[in-house]
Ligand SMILES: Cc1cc2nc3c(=O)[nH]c(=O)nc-3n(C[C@H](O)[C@H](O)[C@H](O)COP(=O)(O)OP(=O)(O)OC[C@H]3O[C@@H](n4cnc5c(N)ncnc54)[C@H](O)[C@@H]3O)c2cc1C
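One chain comes next, on its own, written as structure tokens: the form predicted on its own.
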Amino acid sequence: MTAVRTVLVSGASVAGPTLAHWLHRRGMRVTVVEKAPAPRPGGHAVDVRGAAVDVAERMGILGTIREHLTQTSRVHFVGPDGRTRAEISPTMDTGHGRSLEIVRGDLARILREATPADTEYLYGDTVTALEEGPDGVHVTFRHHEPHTFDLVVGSDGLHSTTRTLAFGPEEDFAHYLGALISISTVPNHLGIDREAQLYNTPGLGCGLIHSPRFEGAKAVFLAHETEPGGLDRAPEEDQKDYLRKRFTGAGWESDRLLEELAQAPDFYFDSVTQIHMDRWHRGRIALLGDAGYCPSPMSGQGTTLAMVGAHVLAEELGRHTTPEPALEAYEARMRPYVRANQGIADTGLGFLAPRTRLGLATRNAILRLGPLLTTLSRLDTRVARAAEAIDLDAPAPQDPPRHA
């Protein structure tokens, strides 16, 4: 195999621009293809934690990230009457330490601006075919002319087209965690300020979140469901119908939030799903971030894995003269980190949407006992340890593990 000089990255959200930045530092030419017609503003809040904070600092963007924090500082667990039953102040979200909450659109823009001017962005397009040959990977696009690259990296999310083309159908790798989630922009009709209000009934959760970085507020719906039933890939109106069936009459502000979904400019709905794969590369095609190892929103670690994975992948590509050993080393370094961060998702889901009335009562009672005894404190500890569980400067193990 020849050295890597040209790279196609599919996906321009978090992992893609981060990788483009680091590959440029190593003298590689990068093209980023993105199916959205233009950069996407807004979106929900994401967390840059642990080792990802170090990646941001090395990129020279940590100060800019800190200038764009959501500033959401308290979570109120409310009853049907809207009165607070318990509340928390997330201990990791200090704005000055190792956990930084930022709106996805803000982070994507900051990362994109950190890529060099000669990075080629192809918006409004997608990859339709990949064919590996002796001179690289021949890529067919939906709109642009075909081109051959030395390496193709899929960073195109949970429902990755690159993964499907190179590795097979999504159902071969999807690990459903038993819940569906929706997040959308709605009016801040409660007038909340820099806080979140969350209401639960057994197996369901809905809430309203405010940040000065949002337009209005974010409505969140979370529902335990035995099987996704194809809803994660269904038409938007079918997804909204599902939410209406599950949450109408649930209590608190659920009915009004459902009404406001009709006008939401950025309706988001998906399954709470992880991606588990034995390999993240095949020949000159590799996967990065959610495309290869999505930890699900309940871990809160997808952004962190994407940024750290991009740094490690670029470092190994710069360290090796051919792609195969570089991709093996990337996998060897990242697999323990991915396992640690995927492993906290169940705790997050159980905390935000307990399945039973007893579970709800127990969670709220524990929260009222004080921060040193709370489930959240234990969860914060697990999250912090997982986010730090990699040495960005360590070499890869000599014998990289082959299985997750």
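What you see is a predicted model, and the numbers here were worked out from it, not measured in a lab. All residue numbers refer to positions in the sequence shown, first residue = 1.
Not on display, but discussed next: the form predicted in complex with the ligand.
**Q** Of these, Gln239, Thr119, Gln197, Thr161, which has a heavy atom no more than 4.5 Å from the ligand in the predicted complex?
**A** Looking at Gln239, Thr119, Gln197, Thr161 one by one, just Thr161 meets the 4.5 Å heavy-atom criterion.
**Q** Can you pick the one in Arg339, Arg66, Arg29, Arg40 that has a heavy atom within 4.5 Å of the ligand in the predicted complex?
**A** Spelling it out, the residue with a heavy atom inside the cut-off is Arg40.
**Q** Using a 4.5 Å heavy atom cut-off, are Leu151, His320 and Arg335 all in contact with the ligand in the predicted complex?
**A** Per the other structure, none of Leu151, His320 and Arg335 touch the ligand.
**Q** Quick one: find which of 274-282, 229-237, 122-130, 71-79 has residues within 4.5 Å of the ligand in the predicted complex by heavy atom distance.
**A** Selected range: 122-130.
**Q** Would Ala56 count as touching the ligand in the predicted complex under a 4.5 Å heavy atom rule?
**A** Ala56: no contact with the ligand in the predicted complex.
**Q** Does Gly157 reach the ligand in the predicted complex if we count a contact as any heavy atom within 4.5 Å?
**A** Close contact exists here: in the predicted complex, Gly157 approaches the ligand to within 4.5 Å, heavy atoms only.
**Q** Determine whether any heavy atom of Gly302 comes within 4.5 Å of a heavy atom of the ligand in the predicted complex, and answer yes or no.
**A** Result yes; Gly302 sits at the interface with the ligand in the predicted complex.
**Q** When the contact criterion is heavy atoms within 4.5 Å, does Arg355 count as touching the ligand in the predicted complex?
**A** Answer no; every heavy atom of Arg355 is more than 4.5 Å from the ligand in the predicted complex.
**Q** Heavy atoms within 4.5 Å of the ligand in the predicted complex is the criterion; list the residues of 169-188 that meet it.
**A** Heavy-atom contacts within 4.5 Å come from Ile181, Ile183.
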